[in-house]
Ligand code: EPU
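Only one chain is shown below, in structure tokens, and it's the form predicted on its own.
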């Protein structure tokens, strides 16, 4: 195994699950952490612009690409250990996330199974505070190893240092530090995390809050995600996406009554509006709002290069010939339609690089 980075071709589209994005001046793939650290610090010392890329599942890159070097994190070491009798895993940042989840389950542990099938690299999961089926990274994160680009030093920090919140952290949208490795707490004896999400509990035949065999939970989660086009499949354009494009909006308490009145006026008084308590107000379902604003699955139709998924309205997809501009135009149309219908602002979940939604 070499400790040297590998320079590959310049097209960024091949690095993202959307298959979108123009060229970079160079793309460097680092398969070892030492090479990743050396590469980033060398590029920084030369004043080169750097784009750190993990699994590319949360990136929307502009058609003009990136005027600098993209550094692909591809380190894949995994180690298991215990602390005070409690098991945990340490994974280098370039590990494929779902492969890491599968490895923990195969090794006889639980805890990560509800996050099965999520595309991307392990190192990106705390940046976004990835979550699904009632579990977030914040619930299971032990530590993160970070490289400070200013000092060249590395350090391990706990979750309290990361300001983890709904689909965000102190690392998101910032490039001062690079995630080198992550560590997660595990459950012994293959026991799952508590099943908090009703759809998953029903699929498993357990009560919400109960547990199950981690391997069985993983199977059910993958089945549910495949049904929504949320498991990567090269042959299925519904999976050519960045996952959920918009975060679920959190509405301040002072606005809730007005917004619910607008929803009732449009969809009728007998329709139950999905709503969940949140620290800063009430969380609404972005997918539910998108559908009730008139944007159906597959919108705007078969001839469009960029469409809503035919399985899940929260996913904006590239049907094979789209440009980033096509995708962002669709996103802007959906955002504006929800705002006009309900007075709710939707915000994109992926990181936008050298591009933005239409104003």
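This one's a predicted model, so the numbers in the text were calculated from it and none came from an experiment. Residue numbers count along the first chain shown, from 1.
One more form of this protein, predicted in complex with the named molecule, exists but is not displayed; see below.
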Q) Can residue 324 be called a contact residue for the named molecule in the model of the complex at 4.5 Å between heavy atoms? A) no
Q) Is the gap between residue 131 and the named molecule in the model of the complex 4.5 Å or less for some heavy atom pair? A) yes
Q) Does residue 317 make contact with the named molecule in the model of the complex, using a 4.5 Å heavy atom cut-off? A) no
Q) Would residue 242 count as touching the named molecule in the model of the complex under a 4.5 Å heavy atom rule? A) yes
**Q.** Contact stretch among 292-300, 59-67, 326-334, 42-50 - heavy atom within 4.5 Å of the named molecule in the model of the complex
**A.** 292-300
Q: Look at the candidate spot formed by 82, 111 and 142 and say whether the named molecule comes within 4.5 Å of a heavy atom in all three of them in the model of the complex.
A: no
(Q) Exactly one residue in 248, 75, 169, 183 has a non-hydrogen atom within 4.5 Å of the named molecule in the model of the complex; which is it? (A) 248
Q. Which residue among 285, 211, 154, 264 has a heavy atom within 4.5 angstroms of the named molecule in the model of the complex?
A. 285
